[in-house]
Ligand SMILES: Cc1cc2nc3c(=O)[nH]c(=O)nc-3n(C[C@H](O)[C@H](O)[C@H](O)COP(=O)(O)O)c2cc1C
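Starting off, we have a lone chain in the form predicted alone, written out as structure tokens.
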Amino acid sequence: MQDNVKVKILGIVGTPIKQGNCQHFLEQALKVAESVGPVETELVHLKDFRIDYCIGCEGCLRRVHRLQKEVGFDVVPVPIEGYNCTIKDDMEILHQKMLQADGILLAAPVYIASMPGQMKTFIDRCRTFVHDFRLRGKVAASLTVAFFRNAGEDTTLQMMTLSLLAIGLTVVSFGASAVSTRDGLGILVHETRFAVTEDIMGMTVMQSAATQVAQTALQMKAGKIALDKAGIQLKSSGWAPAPD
């Protein structure tokens, strides 16, 4: 590994609960990522930020298309500067953190076989990245925690993974799920604050997912540096409108 290679992994947890099992699951994943090599991590909890609903105004999309007409539809990423959303709230902070990161771990609990509203609202507000491709070259994976075994973990992971792919990230793992009750039967574990740690299988799969994100982020960054030193430029393109 080159001496100047270091990556940042951003952990984003979306749940109404602070300091709960889902946040602990993500915290442990970030510790695993740090153990891989020169990896810096940061955890943000969506509860700490004011995030309004997407209003479907198309402002982000119109700005991207105006710029594409100037620079060409084959320019990727689209050279958008700064925050590209008409809604002025804390998503500006979160967008900046995402752009500065090399990898993202997205964590949310299972709410009725899906992600909770906090996470969905956050994802909806990432719409600009679908069109401006600024998250290309960054890696990601999803994590989830459920109260019962086989109660929607797979569907929640799939929805989160599809969302990560849609906003341009490279998903490098199926993700990981764990349960926060004894054997996933809904029986509370009173002996520990974080019952998710009792799910050995869940914790093991989480370690694999976090390792893949950290390793791939390091490999991709080292590869980019090597390509730059060799004077090799990779051609990248977005989409082009149909000819008139």
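Numbering starts at 1 and follows the sequence shown. For clarity, every value in this text was computed on a predicted model and none was experimentally measured.
Although not depicted, the form predicted together with the ligand is the subject of the following passage.
Mapping the unseen interface onto this chain, C22 counts among the residues with a heavy atom inside 4.5 Å of the ligand in the predicted complex.
The ligand is not drawn, but in the predicted complex it has a heavy atom within 4.5 Å of A151. In the predicted complex, the ligand sits within 4.5 Å of a heavy atom belonging to A146. Residue contact with the ligand in the predicted complex: I93 places no heavy atom within 4.5 Å of it.
For the options T216, S180, T41, Q68, the one in contact with the ligand in the predicted complex, meaning a heavy atom within 4.5 Å, is S180.
Contact annotation: the ligand lies within 4.5 Å of heavy atoms from the stretch 106 to 114 in the predicted complex, the single such stretch among 106 to 114, 124 to 132, 165 to 173, 69 to 77.
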